[in-house]
Structure formats: structure tokens, C-alpha cells
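As C-alpha cells, one chain now follows by itself in the form predicted on its own.
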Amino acid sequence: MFLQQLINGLAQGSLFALIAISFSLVWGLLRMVNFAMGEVYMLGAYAGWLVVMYATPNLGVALVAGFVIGWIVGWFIEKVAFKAMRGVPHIASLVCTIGFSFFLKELASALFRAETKSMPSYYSDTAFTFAEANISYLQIIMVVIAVVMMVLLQILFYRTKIGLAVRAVALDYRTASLMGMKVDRVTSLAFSLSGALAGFVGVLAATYYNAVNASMGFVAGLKGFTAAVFGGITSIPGAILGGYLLGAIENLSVKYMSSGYRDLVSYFILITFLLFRPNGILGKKAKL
């Protein structure tokens, strides 16, 4: 059914949108892509799973755990892959984040084994039915969270001194440093926040799909990057828009073509926009 697939796409698009924001935060600051973001998402999912299985079944606590783990891992990646390599060609840091992604995946496989873990379902009951399409409480929560995150980040970056510092560093970190801004602190904050967001959405994804495994971050990271490029990697609203559009297009492609084309459609969008419109739908050449 068209409407049901569209609703499912919007819910899934919320996950893509939140990961896309994580990419946008780093790109807007350093014009670089952190390809370990998918694995940060995966570690956040595992953190939420551990909390739910061995501490408390409270989903809110699991989301906080994913946020904290993501924050720590994001901070660590910045210190090793970016700060320690500042001044070298960007390709070196890029390759380093790819190496991090493989390392974190293998670490998770060693710690939790390769088999998929079952994540308990939360708020999966139908909230209401519209034109024969069922909308669950969790789908509503996911969409609301994505929109709220976008609003909060827009306020943070454009209405606070911290946001002003981040935008100044993004514009010219050398000049910002000469003016007394703590460039290292600002950069660490951006990386930590992007990692925290990825860890947070990892818990949401585990709850939505009822599964956690060490390989879940690879595809999620690519889909998040695709959504960021699609909507505009320099724009947080663009990342949100790209996520929702990608989710809707993927789910509708399943209805009208085949489930085997889901990933193919996403990667076709990524290649097309990288070739012909790298700034995306809402992206601009200016930084955050």
C-alpha cells in the first residue's frame, strides 16, 4: 500500500536524517568526512542493548547510554584521527577514519560475537490508523525526535556563543585561534556531539529493527552519508530533508520495483548528486 510504505519511509528516514546530521557537523567544521560514523552508531546500539538486557528495561536510559558512548568515541576519534594529524593532507585523516571503522567493527565482533542480538521492542503498538495505514507510537517518536534535534541544533549554532565559535572556526580556524578562540575545544565539541548523535540514533534503530549486530553500522553510515549529500551536507535542515526523502524513495522503490533495488536506488542517488550537484538540495558553499 502506497501510504503505508510512505509512512514507513518517513520513519526510516528519521534515522537516516539523524546520521546525516552527524556527518554535517564534522563536514561543516573541517570539510572532511568521518567514515567511522556508522560504527559509532553501531556501538551506541550495543550500549543501549547492554543497558536494556543487563541493567534496566527503560528505553530512556538506553538512549542516554548510546549518547554517552557516542560522545566518548567521537571525542577519541577526533584526538587520534584529526588533531594528531592536523597539518597533513586531508586524505590521511580520511583513511584513518576508514581504518577506525574497520577496527571498531572487528572490536564489536570480538566482544559480542558476530550473531545478531535481539533488542526488545518499545512503543510498537499502533497509535492510530489513517486510510488503512498503521502508524506506531515509535514511528511518531522517531519523527518528532528528528525534528526536535534539528531545531535544537539550529538554536545551538545560530543563537549561542558556542555556535558562534563553531561557525568562526569553520570559517577560518587560524584566524579564530589568533582571536583567542579555543580551536581544539571547539573541534572536540563538534566531533563529540556528532558521535553522541550517532550513538543515540543507533539505539533508536536497534529498537525500530529489534536487532543489533556488528555489521549494522556499515550500511547505516553509507545511507546517512547519502542523505547528507542528497539534502546538502553543509545544511542541517538539508540533512533532515535528505534523510526523509531517501527513506521515502527507498520504501516506495520496494513497492514499485523490488526489495533488491532498495540499496541500488540509494547509491544511484549518491553518485548522481556527487557528480552533478555536490552541494545537495539545500546545501551552500558556505560552511555552518
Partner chain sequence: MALLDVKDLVVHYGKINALKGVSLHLDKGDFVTLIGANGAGKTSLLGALSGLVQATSGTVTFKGGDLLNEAPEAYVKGGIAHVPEGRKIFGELSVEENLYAGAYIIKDKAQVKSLLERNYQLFPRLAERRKQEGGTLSGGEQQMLAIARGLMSDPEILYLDEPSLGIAPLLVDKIFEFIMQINAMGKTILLVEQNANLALQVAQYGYVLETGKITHEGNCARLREDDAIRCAYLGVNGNGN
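Everything quoted here is computed from the prediction, not taken from an experiment. Numbering follows the first chain given and starts at 1.
FYI, the form predicted together with its partner chain isn't displayed, but the following is about it.
Asker: Where does its partner chain sit in the predicted complex: which of 131-139, 147-155, 165-173, 207-215, heavy atoms within 4.5 Å?
Answerer: Flagged stretch: 165-173.
Asker: Pick from S118, S121, T126, S177: which residue has any heavy atom within 4.5 angstroms of its partner chain in the predicted complex?
Answerer: The residue from S118, S121, T126, S177 that makes the contact is S177.
Asker: Considering only heavy atoms, tell me if V143 and its partner chain come within 4.5 Å of each other in the predicted complex.
Answerer: No.
Asker: So in the predicted complex, does any heavy atom of M181 sit within 4.5 Å of its partner chain?
Answerer: Contact check for M181: yes, within 4.5 Å of its partner chain in the predicted complex.
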